[in-house]
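Let's start with one chain on its own, the form predicted alone, as structure tokens.
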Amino acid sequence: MTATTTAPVAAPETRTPVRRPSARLRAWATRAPLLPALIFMIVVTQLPFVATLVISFFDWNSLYPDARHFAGLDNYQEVLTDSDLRHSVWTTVLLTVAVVLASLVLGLVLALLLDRRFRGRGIVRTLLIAPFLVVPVAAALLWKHVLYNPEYGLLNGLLHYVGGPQPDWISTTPLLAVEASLVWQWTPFMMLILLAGLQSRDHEQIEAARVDGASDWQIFVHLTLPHLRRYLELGALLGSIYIVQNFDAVFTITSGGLGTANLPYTVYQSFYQAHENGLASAAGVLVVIGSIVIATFALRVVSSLFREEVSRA
């Protein structure tokens, strides 16, 4: 008899299931590198704003710190009812509207010119962008001394050459002097936005309109302007955000005198000259709220532009 031997059967291997990280854990792992920047932004921007918001509810003069007390909404009421502060709000609105509208019109004209092909277009574009790259204080000093000065300014020099009068531009037209310097600086910004809009037009549609006999004016009114509507809105909103908060031109050219004090300059006066911390904080909070409202509309316009570009692609 022969004995039969059977080979031992290997036991099946048991594999431990691999646990995959949950979706929430993956999301946190993706966002973790951004946490330092987020914490930095909160510390730098949000905590000072919260402190300003708290101070705005106090009657707080830094010259009399012991007399500090809770005042509720009295500071906001004073900002909205005081004649000087109301005038600064009106000046801010007038300055913003005038500068934005003038910059948009001039920017549109320059964008239409740069949209055409001609020799040296790159050099011209660079020169037209240059005013936007100048430091705001330096730009204001340039206009104040190089152009507006009644004794050696360029404007009076040109008028003297043709036998014209020699006005003191800042004294006679103070708000217009501030507006002109801001328009000069913000026109290139509007030009860049509108030039980007012009270069995203459907050129086949324009050529079809030309074949049908449409004039340049009809193409501009019925095709170009409707296409630029979103870009005009974006330029107006972004320009308004920055010009509402403008301080450099007013401080440098007129020092807030002659009826040119806008709300940011009034905040400066209330805080650094009158030492009214609570009143200045209330005015600053109103400026921030106005900027947030404008920025909200700007973000909506930007998102709609992105959606339109994605749909075209």
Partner chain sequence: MSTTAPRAPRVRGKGAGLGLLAWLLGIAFFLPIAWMALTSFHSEADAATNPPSFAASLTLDGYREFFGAGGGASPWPALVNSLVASVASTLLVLLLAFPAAYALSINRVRKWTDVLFFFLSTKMLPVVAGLLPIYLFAKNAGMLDNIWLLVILYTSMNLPIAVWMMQSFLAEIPVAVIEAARVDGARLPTVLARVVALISLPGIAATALICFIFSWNELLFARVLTGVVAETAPVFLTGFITSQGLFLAKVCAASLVISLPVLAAGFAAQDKLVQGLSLGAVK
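Between two forms, the rigid core is the largest collection of C-alphas that superpose within 1.5 Å. Positions refer to the first chain, counted from 1. This one's a predicted model, so the numbers in the text were calculated from it and none came from an experiment.
Another form, the form predicted together with its partner chain, is not on view; read the next lines as being about it.
Using a 4.5 angstroms limit between non-hydrogen atoms, Phe271 touches its partner chain in the predicted complex. With a 4.5 Å cutoff on heavy atoms, Gln46 counts as touching its partner chain in the predicted complex.
In the predicted complex, its partner chain lies farther than 4.5 Å from every heavy atom of Gly163. Contact annotation for Phe40: at least one heavy atom lies within 4.5 Å of its partner chain in the predicted complex. The candidate stretches are 93-101, 205-213, 77-85, 171-179, and the one lying within 4.5 Å of its partner chain in the predicted complex by heavy atoms is 205-213. Here is the short version: of Leu225, Ile129, Val105, Leu73, the single residue with a heavy atom within 4.5 Å of its partner chain in the predicted complex is Ile129. Residues of 118-137 placing a heavy atom within 4.5 Å of its partner chain in the predicted complex, in sequence order: Phe118, Arg119, Gly120, Arg121, Gly122, Ile123, Val124, Arg125, Thr126, Leu127, Leu128, Ile129, Ala130, Pro131, Phe132, Leu133, Val134, Val135, Pro136, Val137. After superposition on the rigid core, displacement of the C-alpha of Pro33 between this form and the one not shown amounts to 2 Å or more. With the core held fixed, Thr45 shows a CA shift of 2 Å or greater between this form and the one not shown.
Once both forms are overlaid on the rigid core, the distance between the two CA positions of Tyr76 between this form and the one not shown is 2 angstroms or more.
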